[in-house]
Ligand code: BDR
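Heads up, the chain below is alone and in the form predicted alone; it's given as structure tokens.
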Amino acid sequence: MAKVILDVDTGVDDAVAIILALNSPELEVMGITTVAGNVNVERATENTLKIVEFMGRNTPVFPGMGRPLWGELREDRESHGESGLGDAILPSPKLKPEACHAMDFVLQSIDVWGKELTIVATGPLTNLAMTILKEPQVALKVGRIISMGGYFGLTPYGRGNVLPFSEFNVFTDPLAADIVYHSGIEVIATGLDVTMNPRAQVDGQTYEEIGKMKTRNALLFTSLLGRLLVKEGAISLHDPLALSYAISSSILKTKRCTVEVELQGELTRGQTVVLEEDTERGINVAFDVDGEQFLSLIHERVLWR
């Protein structure tokens, strides 16, 4: 059983990723840290607690950084709604966040579990970049980081979702992504190249079928993600796909790439530029996905529970 920390900016697809993680026996979720991204960090923390409580769990939640290292926060209310949870209505949580800061929890966890620990980051990488800046030796101690972020131009499916070549999480804090990518930590970057592959998306017909299931989780799923279907014509499950790699590495194919991050520019902020492929340096970038295996996980562990 892999020990994982989830680092989230809980909007709609983070919520699905949390449900998938908590329902996966391959994973032991040691804690969840929150960061500003889709919504501000206070809202991300509250939303995370709502989902944990919805699941009947008491997984500890640790609030983290409230703004990017570089630039101002730009929340994505069009995709995630005012609350961050789309059209889902969940009661205010009775669970409370931990007093310990996310960064300190990560450092403590690395000290205890070291290379056994996987961090799955589905928001901007601000918390992890700050952890590296505070204690650079974590790069030698932690197992790996699985990150949802970036558009690398390795497939015909992806495209920028903020700027023409920039993905939201990296655009929100490009400096943080740059720090993590160059830290020496093993990074698996799950970007728009694979999350927008039609084989891994929920189309309109499947969405309607899910709506007929009437399970508690299926009803939550459709209320969380319905506005994405209206906006995009299909639902890309960005964050659950990144999380799924921690469950089964066979879901994604990756290649080793040297990647640089554009830190500024009216049209290029947050662009992740692949300079070389198949090098010993760099990070592991996902370029193909077993959509059938991934969507089976969603049906079995998110919708039917």
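The shown structure was predicted, so the numbers you read here are calculated from the model rather than taken from an experiment. Residue positions are given as counts along the sequence shown, with the first one as 1.
The same protein also has a form predicted together with the ligand, omitted here; what follows describes it.
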| query | finding |
| --- | --- |
| Proximity to the ligand in the predicted complex, single hit among Ala129, Leu225, Ile188, Leu192 (heavy atom within 4.5 Å) | Leu192 |
| In the predicted complex, the one of Met148, Ile119, Ala177, Ala102 near the ligand [non-hydrogen atom within 4.5 angstroms] | Met148 |
| Contact label in the predicted complex: Asn217 to the ligand, heavy atom within 4.5 Å | no |
| 4.5 Å heavy atom contact, Ser244 and the ligand in the predicted complex | no |
| Touches the ligand in the predicted complex: Asn161 (any heavy atom, 4.5 Å) | yes |
| Contact test in the predicted complex: Asn38 vs the ligand, heavy atoms, 4.5 Å | yes |
| In the predicted complex, segment of 138-146, 179-187, 198-206, 166-174 with a heavy atom within 4.5 Å of the ligand | 166-174 |
| In the predicted complex, residues of 226-242 near the ligand [heavy atom within 4.5 Å] | His238, Asp239 |
